[in-house]
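Here's a solo chain for you in structure tokens, the form predicted alone.
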Amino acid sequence: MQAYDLLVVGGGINGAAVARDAAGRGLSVCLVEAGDPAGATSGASSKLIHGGLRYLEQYAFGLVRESLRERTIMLRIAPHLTRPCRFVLPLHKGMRPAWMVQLGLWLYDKLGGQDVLPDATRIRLDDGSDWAAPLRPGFKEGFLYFDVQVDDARLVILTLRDAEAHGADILTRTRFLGAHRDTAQDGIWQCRLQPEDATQATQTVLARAVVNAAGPWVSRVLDTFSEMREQPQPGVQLVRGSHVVVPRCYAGEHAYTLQNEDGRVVFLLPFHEHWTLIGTTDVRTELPDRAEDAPQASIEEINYLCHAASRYLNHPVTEDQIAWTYAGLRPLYDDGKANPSAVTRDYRLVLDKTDGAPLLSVFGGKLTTHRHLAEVVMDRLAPWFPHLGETWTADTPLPGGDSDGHDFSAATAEFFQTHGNLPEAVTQGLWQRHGTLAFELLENVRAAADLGQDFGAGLTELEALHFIRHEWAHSADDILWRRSKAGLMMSTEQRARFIEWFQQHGRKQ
């Protein structure tokens, strides 16, 4: 049987971060994911690395401080996946008063410490400025502040690629069936794994420790450990967050933070070149019977988001404009609060070390804090690994974020200058998705013909084969909607042609 120091269950952002951190510290690591990495919660976020401005109202100062610190780190280690973004927060009569918003933004800036982003400023919205142009008449003032947009699914994939580069085995489309401690081998975990491919047999691997980072399924995975079934465990509140994507509502690359009637906020976010992303909702829900049953945005949520945007915009957002909807399940640690919007976004780690090898389960968490969460996980497991290496992830770029000591903007300019003979849509997509790894992808490309078939929206056969061979893509949707967002930009005919190509070529790779 294959033996590992650490088995990680779950290929979302938290599991990927733990696998990366542990492998880089010298542990032998195996990560198992039942579906596609980032195929659930981690690929269905609002695509933000942010401090959580509204968490200040819940007095979650520690979480905001940690999140803002991580925001700075992510800008440094993932410059190809992150983008500073100005947020306009219009003051709405009857909502939070100006002094309260100004105090919150001042605290937000102070908690960020030595941040690289500008501080918040108060602005006029009745002077014909670009910030005011999309808004209905009547808004007189507001605030400008900064947060960071991120490609969430790419963040997961490249974190996993770095884990693999440090020696981790990444087993996707592999279900974790359960585990028990082998008393004959110092309580080491015997873990049963079932590949999705029916031609492959169930396998058993050994692990000196297990991290359960299964997100919405964390409790269900715990139930597969025979030792855990009779022990009380923390609860999880599952909250669905839905989003809609519509054609660009306004010019410019800034975002809007809109205060809604129920006290929540809704974001309008620039999304790729021609789209606006609107989100999100907070709706308590139940775990689907099957992991394959992806959550769907309800009609009520779609109406809620359209109404929230239309309260502020000159031109209302209507359901017929929607090009894409998606939803994710947030596995929030159950702190007993009845209002889903008030439930903590912080995480809790539960360690079981009874009679042998440890089992650590991750409850809650958010995209922004994944890297630090992984460090805390490894700190908790350190007593079982006395030769564990030092922390390293805060100073080491993710794959594609390293520019060999040069300024990343210089590497960007060099890339586009070197490959100026290729279609701009292709080079733009490659750089946004792969960063400096794009140099390797195009190493043998001299002309557009070397890219293979052009599927549209900047997606080519060369890149699709890379996704299949090196990024665990097993279906056309894995590529169209997670490895890239080409599916949004393609026509119906282009998507159908790509699906047909994948059915012919995907499995062969």
Ligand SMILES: Cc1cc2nc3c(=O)[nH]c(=O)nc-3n(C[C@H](O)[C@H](O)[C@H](O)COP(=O)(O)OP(=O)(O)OC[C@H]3O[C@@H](n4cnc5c(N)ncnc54)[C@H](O)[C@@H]3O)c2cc1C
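In case it trips you up, residue 1 is the first one in the sequence shown, and so on. All values derive from a computational prediction rather than experimental measurement.
Omitted here: the form predicted in complex with this ligand. The next part is about that form.
- Partner contact region in the predicted bound form: 238-246, out of 99-107, 238-246, 351-359, 80-88, criterion any non-hydrogen atom within 4.5 Å of this ligand.
- Only one of Leu329, Ala255, Leu125, Ala163 lies close to this ligand in the predicted bound form, with a heavy atom inside 4.5 Å, and it is Leu329.
- For the options Ala214, Ile278, Ala179, Ala168, the residue carrying a heavy atom within 4.5 angstroms of this ligand in the predicted bound form is Ala214.
- Using a 4.5 Å cutoff between non-hydrogen atoms, Gly35 counts as a contact of this ligand in the predicted bound form.
- Using a 4.5 Å cutoff between non-hydrogen atoms, Arg175 counts as a contact of this ligand in the predicted bound form.
- None of the heavy atoms of Thr460 is located within 4.5 Å of this ligand in the predicted bound form.
- Heavy atoms of Leu48 reach within 4.5 Å of this ligand in the predicted bound form, making it an interface residue.
- Along 7-22, residues Val9, Gly10, Gly11, Gly12, Ile13, Asn14, Gly15 each place a heavy atom within 4.5 Å of this ligand in the predicted bound form.
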